[in-house]
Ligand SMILES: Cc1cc2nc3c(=O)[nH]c(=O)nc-3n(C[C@H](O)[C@H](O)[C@H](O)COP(=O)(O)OP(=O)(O)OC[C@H]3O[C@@H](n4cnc5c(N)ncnc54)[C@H](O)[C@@H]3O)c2cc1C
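Shown here is one chain on its own, the form predicted alone, set out as structure tokens.
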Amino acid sequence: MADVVVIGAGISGAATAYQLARDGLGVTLVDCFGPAAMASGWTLAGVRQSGRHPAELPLARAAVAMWSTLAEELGAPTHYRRSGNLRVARDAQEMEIVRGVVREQAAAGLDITLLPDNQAVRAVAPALSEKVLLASYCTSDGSADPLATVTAFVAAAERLGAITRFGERVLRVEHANGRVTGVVTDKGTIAAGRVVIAAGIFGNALLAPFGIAIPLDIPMVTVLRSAPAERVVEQVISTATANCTGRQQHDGRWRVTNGAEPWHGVLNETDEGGRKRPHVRPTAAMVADVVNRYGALVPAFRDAQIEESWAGLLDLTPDALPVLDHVPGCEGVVLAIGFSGHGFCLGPVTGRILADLAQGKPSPFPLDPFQIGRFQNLRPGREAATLHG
């Protein structure tokens, strides 16, 4: 019997398993594929505070503080680079968005500045084109390697005694008399007194027996990765309207995305070394759109040799904020869902929050904005300024 079963081995689930094991609990981490197989592996992997919804900003600031020593703590590389984030404007509408982000977040205490014209922007990032009119600049933002980071969390959890069961699909969460008793998978039953559901787009299927459904839209984002290239950009470069974002990885490869678009509904699975791996294929038009948009911002990208393309799926909530809460009506079940494409940065803090919730401990973070019940009276509002990170 496990003390806690964690469902989902993305960064949220892996970090939760690590924190629970660190707290001395018996943890079993289950995933139908493997570490970082879906959103956490598909992401641009930004580690940022800028552009956050005010409710997320305290979590992001705490997470960025953790990232600086995370590789040392986990005993494995994360390839975290604190190289800054530039949110650029290409027209009058985007200029107003960027100015508003700087005003709002500077007032909240974030070290963010306005680069007021193309000359100021190119003084920071010379590779950007003359089409950039202005930008916000947050020097404490950065990026990391998603697969390396999640793998490091999993390995650290295993060293602390966590059991991992990959390639095993959870079919349902078992409960009796208002309390969780474990999970049933396609390979057996795992008894447990507590369960954390961090299963991304598969989360609602596990919530259905509790009569709960989180309102989710599931769009797709196209991602391109190039061969190694000469480094010309240090920062993460994103647009004010979130329709294009890119950076160069630690190895020089470009990793570039477009904005969210409707998903065509096909999730393929291939067998790689005895383990299933999911794939979402972008259309040729979407790939061309990424090349054209980012190439207009950073002309050097036009010469990149594209090695791989894929599409990532977002679990997008109406307010673009995640759910971090107990599942009502069943003691012992904790839910993390709806990170809306910007949960990677939050991973270390999310793990701590979910581990505390699973153990009935108070959280040091304000969690009211992330409760399940908020959707009952939700009014339409703005989404976070960017979908990535």
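These figures come from a predicted structure and were not determined experimentally. Residue positions are given as counts along the sequence shown, with the first one as 1.
A second form of this protein, the form predicted together with the ligand, is not displayed here; the remarks below concern that form.
Mapping the unseen interface onto this chain, A63 falls outside it, with no heavy atom inside 4.5 Å of the ligand in the predicted bound form. Contact between V5 and the ligand in the predicted bound form is not found at the 4.5 Å heavy atom cutoff.
Interface membership of R99, defined by any non-hydrogen atom within 4.5 Å of the ligand in the predicted bound form, is ruled out. The ligand in the predicted bound form comes within 4.5 Å of no heavy atom belonging to L134. Of the candidates C330, L70, C32, L357, C32 is the one whose heavy atoms come within 4.5 Å of the ligand in the predicted bound form; the others do not. Though the ligand is absent from this view, in the predicted bound form it lies within 4.5 Å of a heavy atom of just one residue from A157, L314, V196, V88, which is L314. Contact with the ligand, judged by heavy atoms within 4.5 Å in the predicted bound form, is confined among 123-131, 225-233, 201-209, 100-108 to 201-209. Along 137-173, a non-hydrogen atom within 4.5 Å of the ligand in the predicted bound form is carried by E168, R169, V170, in order along the sequence.
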